[in-house]
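There is one chain below, alone, in C-alpha coordinates, taken in the form predicted on its own.
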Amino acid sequence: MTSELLQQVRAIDPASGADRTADVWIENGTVRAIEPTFATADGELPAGTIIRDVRGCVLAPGLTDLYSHSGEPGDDSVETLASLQAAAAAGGFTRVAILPDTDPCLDRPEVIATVRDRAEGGATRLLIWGALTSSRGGDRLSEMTELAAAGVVGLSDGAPIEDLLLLRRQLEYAQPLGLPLAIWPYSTRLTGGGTAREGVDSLRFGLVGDPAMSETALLAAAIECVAELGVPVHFMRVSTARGVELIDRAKQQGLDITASTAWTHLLLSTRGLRRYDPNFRLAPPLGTPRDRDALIDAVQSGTIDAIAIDHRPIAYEDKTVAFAEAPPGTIGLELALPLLWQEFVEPGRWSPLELWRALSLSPARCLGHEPPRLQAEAPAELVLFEPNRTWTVSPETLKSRSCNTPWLGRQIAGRVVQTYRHGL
(Lines give C-alpha, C1' and ligand atoms only; values in the text may rest on other atoms or scores of the structure.)
Protein backbone atom coordinates (compact mmCIF):
# COMPACT_ATOMS: atom_id res chain seq x y z
CA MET A 1 0.00 0.00 0.00
CA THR A 2 1.20 3.51 -0.81
CA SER A 3 -0.22 6.66 0.70
CA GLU A 4 0.98 10.25 0.55
CA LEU A 5 -0.39 13.66 1.36
CA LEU A 6 0.75 16.63 -0.71
CA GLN A 7 0.28 19.69 1.45
CA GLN A 8 -0.62 23.12 0.09
CA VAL A 9 0.02 22.37 -3.55
CA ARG A 10 -1.45 24.44 -6.38
CA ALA A 11 -4.05 21.98 -7.70
CA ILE A 12 -5.12 22.53 -11.32
CA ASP A 13 -7.82 20.71 -13.30
CA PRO A 14 -8.55 22.25 -16.72
CA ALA A 15 -11.67 20.11 -17.29
CA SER A 16 -13.45 21.73 -14.34
CA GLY A 17 -11.56 25.03 -14.37
CA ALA A 18 -10.31 24.46 -10.82
CA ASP A 19 -7.15 26.30 -9.76
CA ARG A 20 -6.70 26.33 -5.99
CA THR A 21 -4.28 25.69 -3.18
CA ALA A 22 -5.14 22.45 -1.41
CA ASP A 23 -3.98 19.32 0.37
CA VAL A 24 -4.21 16.29 -1.92
CA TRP A 25 -4.26 12.74 -0.57
CA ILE A 26 -3.19 9.99 -2.99
CA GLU A 27 -3.55 6.33 -1.98
CA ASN A 28 -2.80 3.24 -4.06
CA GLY A 29 -2.82 5.16 -7.33
CA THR A 30 -6.09 7.00 -6.65
CA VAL A 31 -6.79 10.57 -5.58
CA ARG A 32 -8.73 10.05 -2.36
CA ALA A 33 -9.37 13.63 -1.30
CA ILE A 34 -8.72 17.26 -2.21
CA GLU A 35 -9.29 19.57 0.74
CA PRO A 36 -8.30 23.15 1.63
CA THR A 37 -6.53 21.67 4.66
CA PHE A 38 -6.55 17.95 5.34
CA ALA A 39 -6.67 16.80 8.96
CA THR A 40 -3.63 14.70 9.86
CA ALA A 41 -4.75 13.66 13.32
CA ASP A 42 -4.47 10.01 14.35
CA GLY A 43 -6.82 7.84 12.34
CA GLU A 44 -7.38 10.35 9.54
CA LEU A 45 -4.68 8.84 7.33
CA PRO A 46 -3.34 5.28 7.04
CA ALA A 47 -0.26 4.46 9.05
CA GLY A 48 2.90 5.10 7.06
CA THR A 49 1.43 7.91 4.96
CA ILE A 50 4.18 10.13 3.59
CA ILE A 51 3.43 13.80 4.23
CA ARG A 52 5.12 16.26 1.85
CA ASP A 53 5.09 20.03 2.06
CA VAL A 54 5.03 21.06 -1.61
CA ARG A 55 4.26 24.76 -1.38
CA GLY A 56 5.18 26.47 -4.62
CA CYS A 57 4.57 23.34 -6.70
CA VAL A 58 1.78 22.65 -9.19
CA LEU A 59 -0.17 19.37 -9.23
CA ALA A 60 -2.18 18.79 -12.39
CA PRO A 61 -3.31 16.08 -14.83
CA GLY A 62 -0.57 14.31 -16.77
CA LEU A 63 0.29 15.71 -20.18
CA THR A 64 -0.52 14.04 -23.50
CA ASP A 65 1.75 14.33 -26.53
CA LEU A 66 -0.08 13.94 -29.82
CA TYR A 67 2.93 12.90 -31.89
CA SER A 68 6.63 12.24 -31.46
CA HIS A 69 9.29 9.99 -32.96
CA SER A 70 11.03 6.91 -31.61
CA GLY A 71 14.40 5.61 -32.75
CA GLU A 72 13.35 2.07 -31.89
CA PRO A 73 12.83 0.02 -33.93
CA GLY A 74 15.47 1.02 -36.46
CA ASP A 75 17.92 3.33 -34.70
CA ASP A 76 18.26 2.54 -31.02
CA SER A 77 21.34 4.78 -30.77
CA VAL A 78 19.26 7.98 -30.91
CA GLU A 79 16.32 6.76 -28.82
CA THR A 80 14.91 3.51 -27.48
CA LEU A 81 11.31 3.07 -26.50
CA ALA A 82 12.45 2.98 -22.86
CA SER A 83 14.46 6.21 -23.13
CA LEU A 84 11.59 7.90 -24.97
CA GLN A 85 9.19 6.89 -22.20
CA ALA A 86 11.66 8.01 -19.53
CA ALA A 87 12.06 11.40 -21.24
CA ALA A 88 8.28 11.75 -21.49
CA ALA A 89 7.81 10.98 -17.79
CA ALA A 90 10.60 13.41 -16.87
CA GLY A 91 8.69 16.10 -18.76
CA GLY A 92 5.32 15.36 -17.16
CA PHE A 93 3.83 13.34 -20.03
CA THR A 94 1.80 10.31 -18.99
CA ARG A 95 0.77 9.53 -22.57
CA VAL A 96 2.89 9.88 -25.70
CA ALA A 97 1.91 8.83 -29.22
CA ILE A 98 4.64 7.84 -31.67
CA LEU A 99 4.47 8.29 -35.42
CA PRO A 100 4.99 5.32 -37.75
CA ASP A 101 8.35 6.47 -39.20
CA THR A 102 10.28 3.61 -37.63
CA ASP A 103 12.17 0.80 -39.35
CA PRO A 104 10.21 -1.33 -39.94
CA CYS A 105 7.37 1.10 -40.48
CA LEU A 106 4.34 0.81 -38.20
CA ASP A 107 2.06 -0.28 -41.02
CA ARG A 108 1.43 -3.93 -40.07
CA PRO A 109 -0.30 -5.48 -37.04
CA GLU A 110 2.70 -7.67 -36.16
CA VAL A 111 5.00 -4.63 -35.96
CA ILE A 112 2.45 -2.78 -33.85
CA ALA A 113 2.27 -5.76 -31.47
CA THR A 114 6.06 -5.98 -31.18
CA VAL A 115 6.43 -2.30 -30.32
CA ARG A 116 3.58 -2.45 -27.82
CA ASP A 117 5.13 -5.46 -26.08
CA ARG A 118 8.52 -3.75 -25.84
CA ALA A 119 6.94 -0.62 -24.36
CA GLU A 120 4.83 -2.48 -21.80
CA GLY A 121 5.61 -1.40 -18.25
CA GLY A 122 7.56 1.69 -19.35
CA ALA A 123 7.67 5.00 -17.49
CA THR A 124 4.75 6.41 -19.47
CA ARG A 125 1.93 5.05 -21.61
CA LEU A 126 2.93 4.62 -25.25
CA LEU A 127 0.32 5.10 -27.98
CA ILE A 128 0.94 4.16 -31.61
CA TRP A 129 -0.10 5.86 -34.83
CA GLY A 130 -0.61 3.38 -37.66
CA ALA A 131 0.60 4.40 -41.12
CA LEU A 132 -1.97 5.71 -43.58
CA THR A 133 -0.03 4.45 -46.60
CA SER A 134 1.99 1.30 -47.08
CA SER A 135 5.55 1.90 -45.81
CA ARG A 136 4.58 5.58 -45.62
CA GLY A 137 5.25 5.72 -49.35
CA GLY A 138 2.39 8.11 -50.01
CA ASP A 139 1.12 6.14 -53.01
CA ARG A 140 -0.82 3.12 -51.73
CA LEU A 141 -3.23 2.81 -48.80
CA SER A 142 -2.24 0.68 -45.82
CA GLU A 143 -4.48 -2.07 -44.45
CA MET A 144 -6.40 0.37 -42.26
CA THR A 145 -8.92 -2.13 -40.96
CA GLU A 146 -6.17 -4.47 -39.75
CA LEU A 147 -4.34 -1.60 -38.07
CA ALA A 148 -7.52 -0.49 -36.34
CA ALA A 149 -8.03 -4.04 -35.05
CA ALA A 150 -4.41 -4.02 -33.83
CA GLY A 151 -5.25 -1.13 -31.49
CA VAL A 152 -3.55 1.89 -33.06
CA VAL A 153 -4.54 5.24 -31.58
CA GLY A 154 -5.18 6.65 -35.05
CA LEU A 155 -3.88 6.78 -38.60
CA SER A 156 -1.19 9.12 -39.91
CA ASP A 157 1.92 9.00 -42.03
CA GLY A 158 3.36 11.96 -40.16
CA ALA A 159 4.55 13.01 -43.62
CA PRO A 160 2.97 15.17 -46.30
CA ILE A 161 0.31 13.57 -48.50
CA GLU A 162 0.47 15.57 -51.72
CA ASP A 163 -1.70 13.34 -53.91
CA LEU A 164 -5.18 14.83 -53.39
CA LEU A 165 -6.94 11.85 -54.93
CA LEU A 166 -5.14 9.59 -52.46
CA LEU A 167 -6.11 11.97 -49.64
CA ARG A 168 -9.75 11.67 -50.67
CA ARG A 169 -9.47 7.87 -50.69
CA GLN A 170 -7.89 7.95 -47.24
CA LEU A 171 -10.75 9.97 -45.84
CA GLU A 172 -13.35 7.69 -47.43
CA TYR A 173 -11.77 4.45 -46.21
CA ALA A 174 -10.98 5.77 -42.73
CA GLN A 175 -14.47 7.11 -42.03
CA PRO A 176 -16.11 3.87 -40.82
CA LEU A 177 -13.17 3.00 -38.56
CA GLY A 178 -13.91 5.80 -36.11
CA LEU A 179 -10.21 6.53 -35.52
CA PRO A 180 -8.48 9.92 -35.48
CA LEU A 181 -6.90 10.79 -38.82
CA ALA A 182 -3.90 13.16 -38.62
CA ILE A 183 -2.82 14.98 -41.77
CA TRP A 184 0.24 17.19 -42.22
CA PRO A 185 -0.74 19.83 -44.80
CA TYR A 186 2.59 20.53 -46.44
CA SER A 187 3.69 20.52 -50.07
CA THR A 188 7.34 19.67 -50.60
CA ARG A 189 6.87 20.67 -54.25
CA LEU A 190 6.14 24.27 -53.27
CA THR A 191 9.04 24.71 -50.87
CA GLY A 192 11.50 25.43 -53.67
CA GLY A 193 14.20 23.79 -51.60
CA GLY A 194 13.69 26.38 -48.86
CA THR A 195 15.06 25.82 -45.38
CA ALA A 196 13.60 28.89 -43.63
CA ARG A 197 10.14 30.45 -43.75
CA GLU A 198 10.13 32.99 -46.55
CA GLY A 199 10.25 36.59 -45.39
CA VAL A 200 12.50 39.45 -44.33
CA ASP A 201 14.63 37.24 -42.08
CA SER A 202 15.27 34.54 -44.68
CA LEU A 203 16.52 37.28 -47.03
CA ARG A 204 18.56 38.98 -44.34
CA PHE A 205 20.30 35.75 -43.32
CA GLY A 206 20.82 34.46 -46.84
CA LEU A 207 18.64 31.35 -46.42
CA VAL A 208 16.45 29.95 -49.19
CA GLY A 209 12.85 30.82 -48.36
CA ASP A 210 10.04 28.30 -47.93
CA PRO A 211 6.79 30.15 -48.75
CA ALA A 212 3.75 29.99 -46.48
CA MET A 213 1.76 28.56 -49.40
CA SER A 214 3.68 25.28 -49.00
CA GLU A 215 1.41 24.82 -45.98
CA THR A 216 -1.70 26.72 -46.90
CA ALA A 217 -2.23 25.31 -50.41
CA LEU A 218 -2.46 21.75 -49.10
CA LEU A 219 -4.39 22.86 -46.01
CA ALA A 220 -7.03 24.61 -48.13
CA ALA A 221 -7.35 21.55 -50.38
CA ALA A 222 -7.65 19.19 -47.41
CA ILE A 223 -10.31 21.40 -45.83
CA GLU A 224 -12.29 21.17 -49.08
CA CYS A 225 -12.08 17.37 -48.87
CA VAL A 226 -13.34 17.46 -45.27
CA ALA A 227 -16.21 19.76 -46.26
CA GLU A 228 -17.19 17.45 -49.12
CA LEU A 229 -16.92 14.14 -47.24
CA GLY A 230 -17.77 15.17 -43.68
CA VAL A 231 -14.89 13.16 -42.21
CA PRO A 232 -13.27 14.44 -38.98
CA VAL A 233 -9.58 15.27 -39.43
CA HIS A 234 -6.75 16.51 -37.24
CA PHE A 235 -4.35 18.93 -38.92
CA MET A 236 -0.88 18.61 -37.46
CA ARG A 237 2.08 21.03 -37.43
CA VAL A 238 0.14 24.18 -38.34
CA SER A 239 2.84 26.85 -38.52
CA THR A 240 1.64 29.98 -40.35
CA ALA A 241 -0.68 32.91 -39.68
CA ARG A 242 -2.54 32.15 -42.91
CA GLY A 243 -2.91 28.53 -41.79
CA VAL A 244 -4.52 29.75 -38.57
CA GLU A 245 -6.97 31.84 -40.60
CA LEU A 246 -7.97 28.83 -42.69
CA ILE A 247 -8.46 26.66 -39.60
CA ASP A 248 -10.52 29.36 -37.91
CA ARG A 249 -12.75 29.84 -40.94
CA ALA A 250 -13.29 26.08 -41.30
CA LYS A 251 -14.28 25.77 -37.66
CA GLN A 252 -16.68 28.70 -37.98
CA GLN A 253 -18.29 26.82 -40.87
CA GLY A 254 -18.87 23.89 -38.53
CA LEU A 255 -16.36 21.47 -40.05
CA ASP A 256 -15.30 18.64 -37.76
CA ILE A 257 -11.60 19.44 -37.53
CA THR A 258 -8.99 19.88 -34.83
CA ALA A 259 -5.49 21.27 -35.14
CA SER A 260 -2.16 21.37 -33.36
CA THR A 261 1.10 23.26 -33.56
CA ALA A 262 4.54 22.32 -32.32
CA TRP A 263 5.73 23.84 -29.05
CA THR A 264 8.88 25.21 -30.72
CA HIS A 265 6.85 27.42 -33.06
CA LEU A 266 5.32 29.17 -30.04
CA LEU A 267 8.73 30.00 -28.53
CA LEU A 268 10.92 30.66 -31.57
CA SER A 269 10.71 32.46 -34.89
CA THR A 270 12.88 33.26 -37.89
CA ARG A 271 14.56 36.00 -35.82
CA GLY A 272 16.58 33.28 -34.10
CA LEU A 273 18.06 32.03 -37.38
CA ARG A 274 20.78 34.69 -37.23
CA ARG A 275 22.78 32.13 -35.21
CA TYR A 276 22.54 29.52 -38.00
CA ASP A 277 22.15 26.94 -35.23
CA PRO A 278 21.20 23.66 -36.96
CA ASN A 279 18.95 22.90 -33.98
CA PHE A 280 16.67 25.66 -35.32
CA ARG A 281 16.24 23.67 -38.54
CA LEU A 282 12.73 22.26 -38.25
CA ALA A 283 9.98 20.90 -40.47
CA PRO A 284 7.85 22.84 -41.02
CA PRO A 285 10.34 25.69 -40.63
CA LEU A 286 10.02 28.23 -37.85
CA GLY A 287 7.56 30.96 -38.72
CA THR A 288 8.02 34.68 -38.97
CA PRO A 289 7.27 36.81 -35.88
CA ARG A 290 3.79 37.38 -37.33
CA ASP A 291 3.28 33.63 -37.67
CA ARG A 292 4.43 33.09 -34.10
CA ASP A 293 2.06 35.75 -32.72
CA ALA A 294 -0.85 34.24 -34.63
CA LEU A 295 -0.10 30.76 -33.29
CA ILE A 296 0.17 32.03 -29.71
CA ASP A 297 -3.20 33.77 -29.97
CA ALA A 298 -4.76 30.74 -31.67
CA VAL A 299 -3.68 28.38 -28.89
CA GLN A 300 -5.08 30.72 -26.26
CA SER A 301 -8.39 31.10 -28.12
CA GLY A 302 -8.68 27.39 -28.88
CA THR A 303 -8.55 27.82 -32.67
CA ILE A 304 -5.44 25.66 -32.41
CA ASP A 305 -6.63 22.93 -30.05
CA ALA A 306 -3.38 21.45 -28.82
CA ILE A 307 0.35 21.86 -28.47
CA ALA A 308 2.33 18.89 -29.77
CA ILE A 309 5.95 18.12 -28.94
CA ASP A 310 7.03 16.37 -32.15
CA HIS A 311 10.10 15.10 -30.26
CA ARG A 312 12.59 14.02 -32.93
CA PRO A 313 15.91 12.63 -31.63
CA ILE A 314 18.84 13.06 -34.02
CA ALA A 315 22.45 11.93 -33.59
CA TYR A 316 24.97 14.63 -32.66
CA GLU A 317 27.15 14.07 -35.72
CA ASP A 318 24.15 14.31 -38.04
CA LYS A 319 22.95 17.59 -36.54
CA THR A 320 26.29 19.39 -36.22
CA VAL A 321 26.55 20.37 -39.88
CA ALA A 322 25.68 23.49 -41.87
CA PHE A 323 22.16 24.77 -41.22
CA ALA A 324 20.75 23.93 -44.65
CA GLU A 325 22.25 20.42 -44.56
CA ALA A 326 21.00 19.46 -41.09
CA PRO A 327 18.10 17.01 -40.80
CA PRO A 328 15.09 18.89 -39.39
CA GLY A 329 13.94 18.24 -35.85
CA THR A 330 14.54 18.78 -32.16
CA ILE A 331 13.87 16.96 -28.91
CA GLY A 332 11.39 18.49 -26.48
CA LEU A 333 9.58 16.12 -24.13
CA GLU A 334 11.63 17.23 -21.12
CA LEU A 335 11.74 20.92 -22.08
CA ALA A 336 8.31 21.94 -23.33
CA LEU A 337 6.48 22.35 -20.01
CA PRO A 338 9.12 24.45 -18.20
CA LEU A 339 9.87 26.66 -21.21
CA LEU A 340 6.22 27.26 -22.08
CA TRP A 341 5.45 28.02 -18.43
CA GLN A 342 8.25 30.58 -18.20
CA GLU A 343 7.37 32.19 -21.53
CA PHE A 344 3.60 32.44 -21.13
CA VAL A 345 2.38 31.69 -17.60
CA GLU A 346 5.07 33.44 -15.58
CA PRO A 347 4.48 36.86 -17.22
CA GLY A 348 0.70 36.37 -17.10
CA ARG A 349 0.05 36.04 -20.83
CA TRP A 350 -1.64 32.64 -20.33
CA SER A 351 -3.20 31.20 -17.22
CA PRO A 352 -1.96 27.81 -15.96
CA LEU A 353 -5.35 26.40 -16.95
CA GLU A 354 -4.89 27.57 -20.55
CA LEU A 355 -1.46 25.94 -20.76
CA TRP A 356 -2.75 22.68 -19.27
CA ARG A 357 -5.74 22.68 -21.58
CA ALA A 358 -3.41 22.80 -24.59
CA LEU A 359 -0.96 20.19 -23.25
CA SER A 360 -3.30 17.76 -21.50
CA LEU A 361 -7.05 18.16 -21.92
CA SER A 362 -7.29 18.97 -25.63
CA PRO A 363 -4.60 16.55 -26.91
CA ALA A 364 -6.38 13.66 -25.19
CA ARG A 365 -9.69 14.72 -26.70
CA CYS A 366 -8.09 15.06 -30.16
CA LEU A 367 -7.20 11.37 -29.82
CA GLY A 368 -10.76 10.54 -28.78
CA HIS A 369 -9.63 9.66 -25.24
CA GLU A 370 -10.95 10.67 -21.86
CA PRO A 371 -8.41 13.14 -20.45
CA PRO A 372 -6.80 12.59 -17.06
CA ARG A 373 -8.40 14.54 -14.21
CA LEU A 374 -7.40 15.88 -10.83
CA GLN A 375 -10.49 15.08 -8.80
CA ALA A 376 -11.45 12.89 -5.88
CA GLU A 377 -11.63 9.15 -6.67
CA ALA A 378 -9.97 9.62 -10.08
CA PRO A 379 -6.86 7.64 -11.06
CA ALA A 380 -3.70 9.50 -10.08
CA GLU A 381 -2.45 10.21 -13.60
CA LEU A 382 -0.75 13.41 -12.54
CA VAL A 383 2.36 15.56 -12.72
CA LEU A 384 3.96 17.45 -9.83
CA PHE A 385 5.79 20.46 -11.26
CA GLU A 386 8.05 23.02 -9.55
CA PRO A 387 8.09 26.17 -11.71
CA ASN A 388 11.01 27.85 -9.93
CA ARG A 389 13.47 24.96 -9.75
CA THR A 390 16.44 25.69 -12.02
CA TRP A 391 18.54 23.15 -13.88
CA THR A 392 20.99 23.00 -16.74
CA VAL A 393 20.09 21.19 -19.96
CA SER A 394 22.87 18.70 -20.68
CA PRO A 395 23.35 15.11 -21.85
CA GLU A 396 23.70 14.19 -18.16
CA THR A 397 20.42 15.81 -17.07
CA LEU A 398 18.34 14.62 -20.04
CA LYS A 399 16.71 11.21 -20.10
CA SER A 400 16.62 11.20 -23.90
CA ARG A 401 19.55 9.58 -25.68
CA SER A 402 19.80 12.62 -27.95
CA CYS A 403 20.46 16.25 -27.12
CA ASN A 404 19.58 18.10 -30.33
CA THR A 405 18.03 21.21 -28.82
CA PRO A 406 18.75 24.97 -28.98
CA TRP A 407 18.66 25.01 -25.17
CA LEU A 408 21.60 22.63 -24.73
CA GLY A 409 23.99 24.01 -22.12
CA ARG A 410 21.54 26.64 -20.90
CA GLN A 411 20.07 26.97 -17.41
CA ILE A 412 16.27 27.00 -17.41
CA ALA A 413 13.60 27.30 -14.71
CA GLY A 414 10.91 24.70 -14.10
CA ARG A 415 11.32 21.00 -13.41
CA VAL A 416 8.97 18.07 -13.02
CA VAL A 417 9.33 16.66 -9.49
CA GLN A 418 7.28 13.53 -10.07
CA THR A 419 5.01 11.97 -12.67
CA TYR A 420 2.28 9.65 -11.44
CA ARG A 421 1.06 7.08 -13.96
CA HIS A 422 -1.13 4.96 -11.67
CA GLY A 423 -4.38 3.79 -13.16
CA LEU A 424 -3.09 3.65 -16.73
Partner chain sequence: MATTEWNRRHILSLEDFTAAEYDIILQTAASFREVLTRRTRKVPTLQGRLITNMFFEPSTRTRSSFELAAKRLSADVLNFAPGTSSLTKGETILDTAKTYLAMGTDMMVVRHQQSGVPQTIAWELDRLGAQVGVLNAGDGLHAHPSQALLDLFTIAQHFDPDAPRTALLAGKKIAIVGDIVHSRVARSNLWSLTACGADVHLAAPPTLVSKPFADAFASESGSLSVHWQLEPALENADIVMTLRLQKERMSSNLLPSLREYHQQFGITRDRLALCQPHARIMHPGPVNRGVELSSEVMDDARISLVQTQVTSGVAVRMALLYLMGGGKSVA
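Residue numbers count along the first chain shown, from 1. Quick caveat: nothing in here was measured; it's all calculated off a predicted structure.
What comes next is about the form predicted together with its partner chain, which is not displayed.
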query: Residue 348, heavy atom within 4.5 angstroms of its partner chain in the predicted complex; finding: no
query: 4.5 angstroms heavy atom contact with its partner chain in the predicted complex for residue 204; finding: yes
query: Touches its partner chain in the predicted complex: residue 324 (any heavy atom, 4.5 Å); finding: yes
query: Interface membership of residue 276, its partner chain in the predicted complex, 4.5 Å heavy atom rule; finding: yes
query: Interface stretch in the predicted complex with its partner chain - options 241 to 249, 303 to 311, 195 to 203, 151 to 159, non-hydrogen atom within 4.5 Å; finding: 195 to 203
query: Within 4.5 Å of its partner chain in the predicted complex, all of 208, 317 and 320 (non-hydrogen atom); finding: yes
